[in-house]
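In the form predicted alone, a lone chain appears below as structure tokens.
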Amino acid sequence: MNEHYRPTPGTPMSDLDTPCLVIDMDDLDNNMDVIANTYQGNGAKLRGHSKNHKTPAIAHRQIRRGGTVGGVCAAKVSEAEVMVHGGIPSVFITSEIVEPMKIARLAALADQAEMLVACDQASNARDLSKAAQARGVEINVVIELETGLRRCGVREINAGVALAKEISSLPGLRFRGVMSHQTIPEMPDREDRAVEAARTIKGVIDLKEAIESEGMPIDIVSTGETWSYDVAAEIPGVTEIQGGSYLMMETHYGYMTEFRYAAKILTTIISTPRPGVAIGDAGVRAVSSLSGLPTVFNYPGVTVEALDSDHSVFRVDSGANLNVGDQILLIPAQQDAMVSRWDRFIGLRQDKVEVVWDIQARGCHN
């Protein structure tokens, strides 16, 4: 959206064309600093997930701020291509890549940066090996263990050990370690998060130990996410945390108060058709409703009642005041889907434009 709109630095937020995707730079820096401070002196580091921001400039900012492995995760080969071409030196594709053309593209990237990829079957490992040999490169492979999402990953320890042996025997591949990904329901406290992280991550630690007992060294145990960014780092053996949502935040992580809502949609009220109702100029195409309706930021008594393609319907409680021309900030329930709708971030500091970043991996689905 707003394909050609690029405000100049110094423009006040009140003068921005809406709807637009904005980042509060102070909040963004706070979120990066939480990570840098958490992992300072810790054996585990963040490998930030670029699918959440899709922007090499932000990935570089994360790495410079500290607490990371010096690289990122990506969900797709096309996303990884944007990160590598944007100068990120290490990219871990946390999805299995099986289609021949995509494997060839992955091998081409391995000529330019350290490339890691998830794997859960021997046939895929053999295809990766053939592509690496044809290109004359080395592809780093990490075995994924399924730990509750019912998606990709080996299901049993024995299967993981057998796959590690297969990968280790194949030319062009370097077996690096194991990974897992998990979720947590509701809004837990820290003790609940620690218990659930220990329970779900135990399997990947068990797999690591089983593989090592067969004489195959492991240097990567990549697991954890925003909800477990701190507690997973305390589990012996974990080396990387795949956090992503913490960076810009969404309502589902509202219980993690150390992080701030950095990314929001700025919308303008265009109509007040009747008492208690106001209409904004941002709808589903701007903010997404993949995981529910957005929340209004710092405007007591005003809530989002509905979204259509290009409009939001606000309920305005008695005592709240909302007029045509007023600006509202919306916090998404799920931010990667929102970010994918936009061509650029507008970075604000103290309500003035500081920077504009192109979202270069927008629409990278392949």
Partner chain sequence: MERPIFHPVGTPIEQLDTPALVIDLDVMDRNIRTFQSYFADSSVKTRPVVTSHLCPQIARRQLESEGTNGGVAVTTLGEAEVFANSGFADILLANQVVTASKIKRLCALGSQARIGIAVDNPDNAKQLSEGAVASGVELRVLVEIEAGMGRCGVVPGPPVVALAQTIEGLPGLKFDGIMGSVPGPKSDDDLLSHESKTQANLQVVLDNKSAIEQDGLPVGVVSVGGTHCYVQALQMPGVTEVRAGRYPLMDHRLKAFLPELSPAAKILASVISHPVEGMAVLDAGHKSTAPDQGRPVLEGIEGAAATRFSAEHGIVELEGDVQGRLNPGEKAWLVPYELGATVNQYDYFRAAKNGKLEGFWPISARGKLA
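From a predicted model like this one, the values you see are computed outputs, not experimental measurements. Residue numbers count along the first chain shown, from 1.
Missing here is the form predicted together with its partner chain; even so, the following discussion is about that form.
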Should C152 be counted as a contact of its partner chain in the predicted complex, where contact means heavy atoms within 4.5 Å?
yes
Touches its partner chain in the predicted complex: K54 (any heavy atom, 4.5 Å):
yes
Is S169 close enough to touch its partner chain in the predicted complex, meaning at least one heavy atom pair within 4.5 Å?
no
Using the partner position in the predicted complex, report whether G319 sits within 4.5 Å of its partner chain, counting heavy atoms only.
no
Given the stretches 152-160, 207-215, 184-192, 235-243, which is the single one in contact with its partner chain in the predicted complex, using a heavy atom cutoff of 4.5 Å?
152-160
Of D281, E225, E138, E196, the only residue with a heavy atom within 4.5 Å of its partner chain in the predicted complex is D281
Sort through A108, M256, A75, L293 and report the residue having a heavy atom within 4.5 Å of its partner chain in the predicted complex.
A75
Report yes if all three of I270, H311 and Q360 come within 4.5 Å of its partner chain in the predicted complex by some heavy atom, otherwise no.
yes
Is any part of 320-335 within 4.5 angstroms of its partner chain in the predicted complex by a non-hydrogen atom, and which residues would that be?
V324, G325, Q334
